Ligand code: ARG
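Before any questions on how it binds or moves, here is one chain, the form predicted on its own, in structure tokens.
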């Protein structure tokens, strides 16, 4: 399935502040390597998978704009914009809104409560899995449900290292998701198993390698080159597996999915 996605070049990507357990201003990004890793991901999307990639301009002093997954949630052409909890990221919202307006989108939601885009909201078939509480408020889930007119399942995250839902849950295909159980409350794990027929459980090692921060179209999956166990599981499942190094982005708590916003028009 051909996807349409939004990315942002890492021209200004570095660690200017600390807003999650992975970030340290003493562990700075290697800019040349970060650009090389981003280009490898872009190349996989465009030249190997044939996906359509749109670009939003990077802005100096907004290093995390590279993580476009937090810039919106787009379903059926409707756009829920982020209400960032961290003041450092709040200026991004108007820039993402302008990009969407310039590209013909007209229906917007700016949630009253904290919400960090597709980083905390993953669409599986006709169900939206929405995470809380580290960066998004559970109260925003009602806003999303009403705006999109969609079934929504709230999932409570339990490990601050995996502060966004997309760091610990992958939408693999119409029958399958992958998770790291340690990132969720028991109630949330039970809910996932009640809804999804096939649930792959990632190892601690693969999760710490950000292997669950991945992009899939059901037949092809793109993930961290260090998530060896998941790579093998997906290959055994018959999927085409594409791997990419994401070490520089993991310094900021990001990976493949964080760098990718799906535009569901």
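Source: prediction; values computed, not measured. Residue numbers count along the first chain shown, from 1.
The form predicted in complex with the ligand exists for this protein as well; it is not shown, and the discussion that follows is about that form.
Exactly one of the stretches 159-167, 182-190, 139-147, 93-101 approaches the ligand in the model of the complex with heavy atoms within 4.5 Å, and it is 159-167. Taking the partner from the other structure, the ligand in the model of the complex has a heavy atom within 4.5 Å of a heavy atom of residue 253. Not displayed here, the ligand is approached by residue 258 to within 4.5 Å at the level of heavy atoms in the model of the complex.
Within this chain, residue 241 is remote from the site of the ligand in the model of the complex, having no heavy atom within 4.5 Å. Under a 4.5 angstroms non-hydrogen atom cutoff, the ligand in the model of the complex has residue 67 among its neighbouring residues. For a residue to qualify, one of its non-hydrogen atoms must sit within 4.5 Å of the ligand in the model of the complex; all three of 19, 119 and 135 qualify.
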